[in-house]
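In the block that follows, a single chain appears as structure tokens, in the form predicted on its own.
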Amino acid sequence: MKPFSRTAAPSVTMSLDRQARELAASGKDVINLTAGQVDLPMPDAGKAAIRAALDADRTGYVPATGSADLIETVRNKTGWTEGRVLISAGAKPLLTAAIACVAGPGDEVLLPAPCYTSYPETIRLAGAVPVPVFRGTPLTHEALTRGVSDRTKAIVVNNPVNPTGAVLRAPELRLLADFAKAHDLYLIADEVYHAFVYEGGFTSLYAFADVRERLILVDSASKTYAMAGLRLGYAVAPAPAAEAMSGFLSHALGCPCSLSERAAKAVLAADDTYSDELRGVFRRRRDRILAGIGRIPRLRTAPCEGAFYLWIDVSAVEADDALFCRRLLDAEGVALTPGRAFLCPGFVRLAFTKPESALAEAAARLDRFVRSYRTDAN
């Protein structure tokens, strides 16, 4: 048989989450801090909307890129007045469509690293080449210039950043916008963590009107409204890109889930009380885990201004971050994600998506593990 022409490595975070779940199901005491999933209930308005849709038998197909009333609600919530709004089954299909429609075989896509694990594989699935830049260093014009070539088609940018918790501010966004304009590139922006900025507020790339003609901006209900399993994302794109993405999505996915659409419409139409309260919960969790990790020798944490991840430098304990995570899970039942999954070895990602009591216990176990760690252990 002929080999497959294109394959993608499985998602590391999903694989580790599955392993942790299996260990927990077998009876091991596991604190699973791998997956970026909000662990609190979704808004009641969303639940009520799903029940009403079921009672009305609204379980058929919807338009391939979303129903008109939901698109209007998204526009009202986001302020996306220019461009075409697309709805799909989560942010991932929209990002996949965006990359596939602007880059093809032989093309290159600039990718700030560390970055979300699916970005490089999604670029490769399009036949294009991911070109990591920064590697954790500051975002500068020089770093971008080192990565760009005549084959570069786009820059993928995530803000706030998964896995580091960094937040790109207006000067850095202006730099990205100007660089994209100067080199005639698309900007593919993933802003799914926009509601989780703990200090200083959030600035969207959409705020820069002069870049909207080359901006594909993706968001979702997964994080902001604890609806990860309902798979509902939305994007705004200029007409040519939106047309191409629409065709891609209509064949690859068919359409969004009708029930998820109703839930999203209900939560987006509400005020910001829910997301404000959610942000408060995660700010307190961040402060709790930062305090706990800060007492552990030889570990260094990056500042966490947004999202819900702690980026921890473990290189002074163990150079092999994957080995560090395996030993930690075996010894203490704490599941973290190795930094190499995000293109930056020597680090681990901790998702503070558990109650404060569980985070305090995880920090205590990690402290015990690090203080007793031997690099020559089998």
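When you see a residue number, it is the position in the sequence shown, counting from 1. Keep in mind the model is a prediction, meaning the values are calculated, not measured.
The next section is about a form of this same protein that is not shown, the form predicted in complex with a small molecule.
### Query
Is there any non-hydrogen atom of residue 193 lying within 4.5 Å of the small molecule in the model of the complex?
Contact check for residue 193: yes, within 4.5 Å of the small molecule in the model of the complex.
### Query
Using heavy atoms and a 4.5 Å limit, would one call residue 78 a contact residue for the small molecule in the model of the complex?
Because no heavy atom of residue 78 falls inside 4.5 Å of the small molecule in the model of the complex, the answer is no.
### Message
Is residue 260 part of the interface with the small molecule in the model of the complex - any heavy atom within 4.5 Å?
### Response
Taking the distances in the model of the complex, the answer for residue 260 is no, it never comes within 4.5 Å of the small molecule.
### Task
Spell out, yes or no, whether the shortest heavy atom distance between residue 96 and the small molecule in the model of the complex is within 4.5 Å.
Taking the distances in the model of the complex, the answer for residue 96 is no, it never comes within 4.5 Å of the small molecule.
### Task
Would you mind picking out the stretch of 260-268, 202-210, 241-249, 87-95 that comes within 4.5 angstroms of the small molecule in the model of the complex, counting non-hydrogen atoms?
Every other range fails; the passing one is 87-95.
### Message
If the cut-off is 4.5 angstroms on heavy atoms, which of these, 338, 333, 43, 36, is the one near the small molecule in the model of the complex?
### Response
Spelling it out, the residue with a heavy atom inside the cut-off is 36.
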